[in-house]
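The chain below stands alone and is given in structure tokens; this is the form predicted on its own.
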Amino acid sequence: MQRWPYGIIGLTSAGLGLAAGHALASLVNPASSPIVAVGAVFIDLTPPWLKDFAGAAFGTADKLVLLIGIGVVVAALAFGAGLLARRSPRAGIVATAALALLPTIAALSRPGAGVVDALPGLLAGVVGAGALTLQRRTLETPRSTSPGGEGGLDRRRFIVATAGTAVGSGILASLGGSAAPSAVTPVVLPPLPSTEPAIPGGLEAMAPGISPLRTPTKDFYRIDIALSPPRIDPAEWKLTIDGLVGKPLTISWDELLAMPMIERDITLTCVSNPIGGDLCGSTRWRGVRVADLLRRADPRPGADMVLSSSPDGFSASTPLAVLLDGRDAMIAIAMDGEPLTSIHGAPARLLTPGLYGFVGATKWLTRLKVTTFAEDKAYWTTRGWSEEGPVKTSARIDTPRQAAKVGEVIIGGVAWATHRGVSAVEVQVDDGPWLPATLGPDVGVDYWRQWYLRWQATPGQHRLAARAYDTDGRPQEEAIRAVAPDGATGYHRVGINVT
């Protein structure tokens, strides 16, 4: 009999096994889903240069690309296991079951994993091996009705068996995707004794193409190491504050909600944002001041860092002095007036104005360890990134980006110097003089500023550049530097064709 049908049944058997494991993981722990568990380990082992390449090449789609890549590798191995079953049924079945060994080990290696996290991988192996056994028997059943005698491939039976297995895989996978709620206990935000003034109207109506003054939650960027966002029931959530403190404490969700709340307008930026990139967003956040909790815990002399961590294995190193210097660093529970979504850190996350997310914005926060930079290293610090990450002053051109019409053109965008504020933005056309742009509403030093410049465009190719100044009058750095290890620098320059 031909070899390729065996490869196909190996592929569909492994697919059914993985789908079954994924469906079970949705009930016990989404992070233990076989493909997700392997992907999480791959992310942890990824060297900095490969992480930088993936971010530059695929942006926020890097996780999807990773999952597709893992799927392709698994498919190739499963196809090979099916071919192996042609020569040795037992070897093929063992190889298919062994494909589940790595996901099982990967799931058990994750922070906080328990015995139950091994179940999805084990189920994937059992179902995959069973499906291969049944399909192989179907494939090798003699064709008694075939002209010229028995033997050969019964294509109809083969198609029914493999299609049925594939359909079963799709059903199980869809069940796994729909069975995981974002939270078990609905979050009801407590009323605030007072609210911040409404954010003023922005420039987006006057300058189409410019980023809105407030970023809608659905458009807010997502960067983290979690292929499957941790699912934390607020009713079971606890935050532990320990380490170099005189009074270690653990607070529950209800205790957090009972504390005084603040609402602040803050711009959050990822250190991986290249010059001109879109890994930056601005909205109104609600939460409890970190300083209130830290002072209750009574940090000991000599402590200089707070290591924040989450169940997905991420940790961030935030200078203790920054969290206590009066800025509105908070344990955030809401953005844009609504409870945090699962992908943005529900039920609670750290948010530190003026610092890049990798050192000050831990999602799914469960622990604050008061420590020292000498004693502890954060997730990205161990991978070559800096220990501290103040946000650099930057201006971005949102419009125009590629083309424009002759006549008046509005050059516009946003600029940020979080926790220092933006005092000015200048625009350069070709090699001409730097021209002052008009700034949009001032929402505060922790928030970005919109800006625009009216320009009489002439036909031909032109090059635009923008630079921002903070409120101390310091311009952003002109020298071009990559995002690693502590944020990109350089002016945003855009080439456009005017017709």
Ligand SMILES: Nc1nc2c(c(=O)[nH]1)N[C@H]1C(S)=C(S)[C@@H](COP(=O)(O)O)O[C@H]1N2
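One rule holds for the numbers: they count along the sequence shown, beginning at 1. Here the structure is a predicted model, which is why all the values come from computation and not from measurement.
As for the form predicted together with this ligand, it is not shown, yet the points below apply to it.
- None of the heavy atoms of residue 392 is located within 4.5 Å of this ligand in the model of the complex.
- Contact check for residue 357: a heavy atom falls within 4.5 Å of this ligand in the model of the complex.
- This ligand in the model of the complex comes within 4.5 Å of no heavy atom belonging to residue 286.
- For the chain shown alone, residue 79 is not a contact residue for this ligand in the model of the complex, no non-hydrogen atom being within 4.5 angstroms.
- The listed set 224, 117, 204, 265 contains one residue whose heavy atoms approach this ligand in the model of the complex to within 4.5 Å, identified as 224.
- Contact with this ligand, judged by heavy atoms within 4.5 Å in the model of the complex, is confined among 213 to 221, 247 to 255, 130 to 138, 321 to 329 to 213 to 221.
- Contact annotation for 351 to 377: residues with any non-hydrogen atom within 4.5 angstroms of this ligand in the model of the complex are 357, 358, 361, 362, 363, 364, listed in sequence order.
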